[in-house]
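Each of two forms of one protein chain follows alone as structure tokens, named structure 1 and structure 2.
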Structure 1
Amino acid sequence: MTIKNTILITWGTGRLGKAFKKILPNALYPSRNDMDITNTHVVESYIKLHKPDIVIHLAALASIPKCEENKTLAWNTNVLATRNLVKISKKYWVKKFIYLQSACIFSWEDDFMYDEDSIPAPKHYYGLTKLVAEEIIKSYNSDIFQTIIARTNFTTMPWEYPKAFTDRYWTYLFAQWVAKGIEEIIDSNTTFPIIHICGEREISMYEYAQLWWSDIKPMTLADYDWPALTRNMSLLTKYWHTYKIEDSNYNDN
């Protein structure tokens, strides 16, 4: 790791935040108690005090059902708090602002794979709030304040379920590969404004789960009737390299 800058990672106690702690142990990781991102004064005081060079923004209301149930909280957390954070970051001379973006901004039509230039069309409120935040962040991009939207899909390990679909496909990575990908993006000094961090090939969820549980039980979409599930959740990248999913055999605990 060649990063020498002060890095601030908004994380609370999140799944991806825990993976970042292993890859970037010296970064600042304010919890919600240290820096509630919806409190503008607290965010400004924290950034003014710690003077980060790089902000990696993870904190969000990242649950699809919770965003549907409480749209006010979702909007305040994912949109308004992000807008304040990016504005304050620029004001206090942060050089790079990296936003972890969900692939839920896409509509996931069957058999379509989405790259950085694909048109977003979120199907639910979580995806909508993340998309609005992305557009706000992009509008701040400049030569002295670089913004990068890093879109990805990940799971933590161990695999949480007794079965896995043999006929649903994705390019998901384990969380620590995503954190590693962000570290590489920072190190590379790339200026691409949107980057997809994804696996090198689409694999079935069953094959993926087997990387962790070799005796995982198979199931198919025919075994499952509600809610409607997306058959393929694979991302492509035009501007970054892909990751060999089998190599990402980390333990997230």
Structure 2
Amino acid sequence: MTIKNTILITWGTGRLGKAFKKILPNALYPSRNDMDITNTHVVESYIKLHKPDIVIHLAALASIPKCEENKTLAWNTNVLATRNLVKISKKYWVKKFIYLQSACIFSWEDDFMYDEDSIPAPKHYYGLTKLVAEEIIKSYNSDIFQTIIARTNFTTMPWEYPKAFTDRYWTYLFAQWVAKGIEEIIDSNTTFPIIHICGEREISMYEYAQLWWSDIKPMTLADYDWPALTRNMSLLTKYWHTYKIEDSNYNDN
């Protein structure tokens, strides 16, 4: 990164956080104990103390089943905590707020591929909470406080499950390409409020998992009945460039 900024990355201690640490080693990576995003006073104290120039908001309750089972927790984590974080960030003169957004805000009813200008229509509660949070963040955008919605679909390796869908497709990326994309967005000084960070081609979960684990077993959406899952979650971008998954040289260490 060419510009010297103090960067705060929420919940940067997970696997995606590891990818960010490789390219942004000097950023602030508070653990959940250090900065519980659902605690307004803790968040305000942390931001007031560290005075970040840029906030990259990764934190979310991202499990679709858990969001369905505990909607109060999902709303508090994905919506209310995000609202408080962006409000406090603007209060303490953060220059740029980047929100990592899920492709789950779209309905994916057909084989249509969605770009930055497509209309969201989430099918489950997780997608709804993420969409509400996105709208809140967009409402704070101004000349002195830039907000960017970085929509993506990614996963980390190694693959955590014994099976993978052969008929569910995404423009998958590894975590390090998401981190690299956000770094490039910061360096570019783009003014686009929404950017899709996505792979250059569609790939099934099964094909993706087999890149690194040949013993993965195939399954189809017919083998899974709750909660509702989408068949194709492939993104397009009108305002950015795509990334080639085969060039990622993945390393999760």
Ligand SMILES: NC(=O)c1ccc[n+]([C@@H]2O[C@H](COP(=O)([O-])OP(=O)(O)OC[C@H]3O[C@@H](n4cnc5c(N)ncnc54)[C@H](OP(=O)(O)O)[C@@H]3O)[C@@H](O)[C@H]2O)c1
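Between two forms, the rigid core is defined as the largest C-alpha subset superposing within 1.5 Å. Note that the coordinates shown come from a computational prediction; the quantities given were computed from them, not determined experimentally. When a residue number appears, read it as a position in the sequence of structure 1, where counting begins at 1.
It is structure 2 that shows the chain in the form predicted on its own. With the core held fixed between structures 1 and 2, residue 75 has its Cα displaced by under 2 Å. A displacement of less than 2 angstroms separates the C-alpha positions of residue 63 between structures 1 and 2, with the rigid core held in common. The rigid-core alignment places the CA of residue 131 less than 2 Å apart between structures 1 and 2. At residue 168, the distance the Cα travels between structures 1 and 2 is 3.8 Å after the core is superposed. Once the core is aligned between structures 1 and 2, the alpha carbon position of residue 12 differs by 5.3 Å; this is the C-alpha shift at that site.
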